[in-house]
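What follows is a single chain, given as structure tokens, in the form predicted on its own.
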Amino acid sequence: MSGNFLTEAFCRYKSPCYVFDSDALLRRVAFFKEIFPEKVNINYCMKANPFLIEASLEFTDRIEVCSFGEFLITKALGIPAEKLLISGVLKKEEDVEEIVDHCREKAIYTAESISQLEELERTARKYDICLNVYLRLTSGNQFGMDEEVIIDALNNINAYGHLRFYGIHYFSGTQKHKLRIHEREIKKLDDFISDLEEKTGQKVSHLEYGSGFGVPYFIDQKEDATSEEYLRDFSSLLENMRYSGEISIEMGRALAFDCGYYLTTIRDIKTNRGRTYAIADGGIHQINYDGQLRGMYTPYLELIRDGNIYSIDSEGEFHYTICGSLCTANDIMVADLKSQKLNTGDTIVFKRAGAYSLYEGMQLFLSHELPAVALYSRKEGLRLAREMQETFMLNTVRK
């Protein structure tokens, strides 16, 4: 079970709330570092959970920033510019101006189009600096550029006198559970790098690869893509590449998913047409698991009752549908929970909620509150990262 810090968080911050375990994140990073080849760096994608970026700083190479708002978070926290990878499919002129003014040549930048290359060149020329730039290779969607476009850009590299070609960036998607997908992508990258170097004379010294490792959220799922056996096979694919430069593996979900908890309290229990519903004060606007559909799959859960934490008795004789507080029939967090008898006032702990789970919901729907966020580490104990915030004012016409 998860320990006393969850019951302490519930007492301090009430329900609903989130708790993120910084120590768990560091254990995840150490796990990957122990398996990956020495030449492989680990970058943390902050979009998975911005509340964990400070904890990740010491043990990851860089923080991937995918929006101007994310950049402002790193700036507010005083994150050093040399720790930032400035990414994102959209880079507005005014945003690039402010980011480059702050980070200068210390950060690394990505270009997802020729117009982004041109914008980075204009801004770097203004400050008379030289920026390190990844060119992002598309996987066949709106992100990045075709192979031919990247090769043409590098053959015209003299047009970008204030940019330094840093390497290739590639990410095709998330929740990959099959090694053959990684094998196919790594071969594609290896072949493309060889072709690029032959056709342009440019040496690729860095490869930024978004692995998209799949993770198990539900109790009937096995850990595959983040198991030691899988990761050793993945590492062998990297070691067998013809490409000999530096590799950075970009991860968010695989690092943070097991570092978070969402606490929501049952406020009402009723039976309609033979089905028992437990109504909680949270809902799907505050907790989302990738692949979940109207609570069809049961996530990892625990129970807080009378200041103590208990396992859910999956052999219990009671069946509940755990619903949230939204006025929609879709607000089902667990469709069929088999457990011990539940009571109003019991708090359900949703585990493995550290990555994306709090961001992918419709948090402004019905103007419910934004839950408090707490961080935990053994060294610092519990600390409040964000107070509970009302949202009604964001949905109110200004007078």
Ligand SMILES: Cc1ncc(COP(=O)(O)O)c(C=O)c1O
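Note that residue numbering begins at 1 and tracks the sequence as displayed. Source: prediction; values computed, not measured.
Below, we turn to the form predicted together with the ligand, even though it does not appear here.
Of the residues given (Thr174, Thr74, Thr123, Thr264), Thr174 alone sits with a heavy atom within 4.5 Å of the ligand in the predicted bound form. Contact annotation: of the candidates Ile86, Ile322, Met251, Ala111, the single residue with a non-hydrogen atom within 4.5 angstroms of the ligand in the predicted bound form is Met251. Stretch-level contact analysis of 328 to 336, 366 to 374, 39 to 47, 24 to 32 against the ligand in the predicted bound form, using heavy atoms and a 4.5 Å limit, identifies 39 to 47. Put simply, Gly144 is far from the ligand in the predicted bound form: not one heavy atom of it is within 4.5 Å. Using a 4.5 angstroms limit between non-hydrogen atoms, Gly295 is distant from the ligand in the predicted bound form. In the predicted bound form, none of the heavy atoms of Gly167 sits within 4.5 Å of a heavy atom of the ligand.
Looking at Arg136, you'd find a heavy atom of it within 4.5 angstroms of the ligand in the predicted bound form.
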